[in-house]
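First, one chain by itself in structure tokens, the form predicted alone.
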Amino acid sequence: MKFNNVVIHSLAAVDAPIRVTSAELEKQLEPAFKRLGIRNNLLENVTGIGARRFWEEGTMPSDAATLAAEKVIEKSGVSRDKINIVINTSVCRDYLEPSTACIVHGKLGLSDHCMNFDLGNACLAFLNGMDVAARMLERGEIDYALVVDGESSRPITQATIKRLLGKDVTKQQFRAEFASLTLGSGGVAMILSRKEISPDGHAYLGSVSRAATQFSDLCHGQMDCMVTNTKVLLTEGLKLAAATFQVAKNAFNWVPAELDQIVIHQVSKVHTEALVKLLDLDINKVHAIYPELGNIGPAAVPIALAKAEELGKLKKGDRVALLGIGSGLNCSMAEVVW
């Protein structure tokens, strides 16, 4: 889908306050490492993730999303009563019901005519939320859309460590739950609007998507447990990414060397470097956040984009590629002209 009248008005990210190193997690898992004969420093050496962030105990996903939303609203100058829809895209939720979006809506004090709902699609949800909002903006149905995401990896990390310390845990189970130890926390929010309302906004040109749902069994996650076939997930994910990138090249006339910035959903060093090599991208154009923040799920792409903006890496007129993939498997790729 392509858009002619949609822009990113403002974008803001917030970091969780507690830095937790991979070495600290491995220290907690030391009895399991010794019993199973697993080498030290495995987590950082394999994934390239030196640390991730935790929220304070008791912080809910809606709290994280609200923090980011407050930041982006202040940055944007947009009046709260002009926001027509809020879409929450986080994997982490406060409850099964009500929606986390309605809790964020209430915490922000948004108007009663502002629609609100959750949109879930694993690590691809934020890009999907942008597309849903963009369709409404393109048709002139709304003026401003707020897309939010709040992720908290503390509960699943702590539950995973407790489980892996069990005396009956096998190497196979350890491998299956290993990816849970890479997860990070954070919050991010984006306001999208129409070009005629925000002429200085960053043009959202649209996205393309492809699915390979025959591989929906490769990663199953609950709030306290995630089981992943890491090797096959990487292999099939790269195949899907290559197919989607070809569609994006045709849709947006992409030539890899002509893309100014590339924002990737970052799982680990292995995943990032493999994707860059496969698609013939310039690694120097990829702003890496995984070494300090880990895999932040659907928040990863917008947080990486926000961090790049904060560092002054994005210049007016830059062609920015957004490359997202999520378990399912689903893949979306989009272009923003900064």
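A quick note: this is a predicted structure, and the numbers were derived from the prediction, not measured. Position 1 is the first residue in the sequence shown; the rest follow in order.
There is another form of this protein, the form predicted together with tetradecanoyl-COA (MYA), and it is not shown here; the text below is about that form.
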* To do: Could you tell me which of 304-312, 23-31, 51-59, 37-45 sits within 4.5 Å of tetradecanoyl-COA (MYA) in the model of the complex, going by non-hydrogen atoms?
  => 37-45
* Are any of the heavy atoms in Phe178 no more than 4.5 Å from a heavy atom of tetradecanoyl-COA (MYA) in the model of the complex? -> yes
* Asked: Is Val169 a contact residue for tetradecanoyl-COA (MYA) in the model of the complex, using a 4.5 Å heavy atom cut-off?
  -> no
* Asked: Applying a 4.5 Å heavy atom distance criterion, does Gly186 contact tetradecanoyl-COA (MYA) in the model of the complex?
  -> no
* To do: Evaluate Leu323 for contact with tetradecanoyl-COA (MYA) in the model of the complex, applying a 4.5 angstroms cut-off between non-hydrogen atoms, and reply yes or no.
  => yes
* Listed residue (Ile87, Met190, Ile83, Val267) with a non-hydrogen atom within 4.5 angstroms of tetradecanoyl-COA (MYA) in the model of the complex -> Val267
* Structure fact -> Partner-free chain; cross-checking tetradecanoyl-COA (MYA) in the model of the complex, the single residue of Arg139, Lys162, Lys231, His113 with a heavy atom within 4.5 Å is Lys231
* **Contact at Gly237, Ala241 and Ser327 by tetradecanoyl-COA (MYA) in the model of the complex, all three, heavy atom at most 4.5 Å** => yes
